[in-house]
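Just the one chain here, laid out as structure tokens, in the form predicted alone.
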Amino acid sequence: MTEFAKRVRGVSGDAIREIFAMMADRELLSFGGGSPAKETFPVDEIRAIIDSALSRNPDGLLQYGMTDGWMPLREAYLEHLVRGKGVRADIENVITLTGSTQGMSIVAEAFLDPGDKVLVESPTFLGTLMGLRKLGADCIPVKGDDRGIVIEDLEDKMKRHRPKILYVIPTFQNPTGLTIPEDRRKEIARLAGVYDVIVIEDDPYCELRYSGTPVPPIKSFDGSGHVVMVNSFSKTISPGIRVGAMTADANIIRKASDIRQLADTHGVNLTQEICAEFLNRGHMPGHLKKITPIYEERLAAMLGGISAHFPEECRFTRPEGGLFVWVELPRGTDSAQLLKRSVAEMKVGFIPGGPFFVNPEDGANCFRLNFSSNPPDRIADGMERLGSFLKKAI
């Protein structure tokens, strides 16, 4: 068979395939995915929007669209989700996306040549690591603590490595659930200008806050045009509609539009209209008020179950929002091997920590748990089963 291109030979989707396989196994109590709760989907509102939209503008919605995105959504995104957070932006600073992952991919493609350096949190989202490797980027981990990325190490690595990009998930990070505080966000924006580094601020979970005080996005402190803010409607409205949006310097948006033209031409007009009308009809505040207590209850069930049943040697995060809890086992523990045994013996699944790290061995003793996909009683059952297993295994 003809050989694959060199840039994709080292790319593997095994970790993500494993996540979806666990989600599909009805016998398995899986905490491996990152899907919103099906109970949170605003089905009635979406149905009403679609009926109205197809009655008013069927030709526009079913025809080819603009690469920069459906104008009503670009305007609604600016009004409801960008300017209200202190970000200075106009319509030329916005492009819509087929899911927020497309934003990361486009920006990386716009700036990276093979061998270019990219700084990433340690750990970080495994899908982004795979995408960066496909482009031939040299990923360099930046140290973190319980307040996220460590600024001193970030500046040191900007000085030493001269990276093109810093990729960061500042709010309820995937996989740790941690949030970077305001003082560090200001420093990230400042350092980006000093060292000429593009910051991709991936913020799909920012609206899912259950306690604490909202923190302004890094983009709101951007005085040099180096920060690209990427948002998603997957976690608030529905992942199946595949809609995101991105705010950046106008020059970056123009180049992103050029690149996107060669990828999918434009997003889906109908699903972009769903998001635009959802915002314009004022559904989002009430919808978030409805769904956040569901997630808050599930998070509490998970944290309570971990506290009650996991071995004392385990350390874990206590996020104020998002979808994930991060667990750290004693050094020398192999979470990938534990997963195989946990699935076979306890019918409980999770995601091992290794794939979230540039150097997988750095996360061999860690794993990620998702709490959004299961109701509290199943979470309690799963944490009891998993805790009992871990006490024996480690």
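In this text the structure is predicted, and so the values were computed from the model without any measurement. Residue numbers here begin at 1 and follow the sequence given.
The form predicted together with a further copy of the same chain exists for this protein as well; it is not shown, and the discussion that follows is about that form.
- This chain lacks the partner; the member of Leu61, Leu28, Cys366, Val358 within 4.5 angstroms of a further copy of the same chain in the predicted complex by a non-hydrogen atom is Leu61.
- Note on contacts: among Asn93, Ser234, Thr317, Ser220, the single residue with a heavy atom within 4.5 Å of a further copy of the same chain in the predicted complex is Ser234.
- Although the partner is absent from the chain shown here, none of His80, Arg147 and Asp183 has a heavy atom within 4.5 Å of a further copy of the same chain in the predicted complex.
- Looking at His266, you'd find a heavy atom of it within 4.5 angstroms of a further copy of the same chain in the predicted complex.
- For the chain shown alone, Pro72 is not a contact residue for a further copy of the same chain in the predicted complex, no non-hydrogen atom being within 4.5 angstroms.
- Contact annotation: Tyr210 falls outside 4.5 Å of a further copy of the same chain in the predicted complex, judged by heavy atom distances.
- Of the heavy atoms in Phe310, none are within 4.5 Å of a further copy of the same chain in the predicted complex.
- Residues with any non-hydrogen atom within 4.5 angstroms of a further copy of the same chain in the predicted complex fall in just one of 72-80, 175-183, 147-155, 256-264: 256-264.
- For the partner-free chain shown, nothing in 321-349 comes within 4.5 angstroms of a further copy of the same chain in the predicted complex, judged by any non-hydrogen atom.
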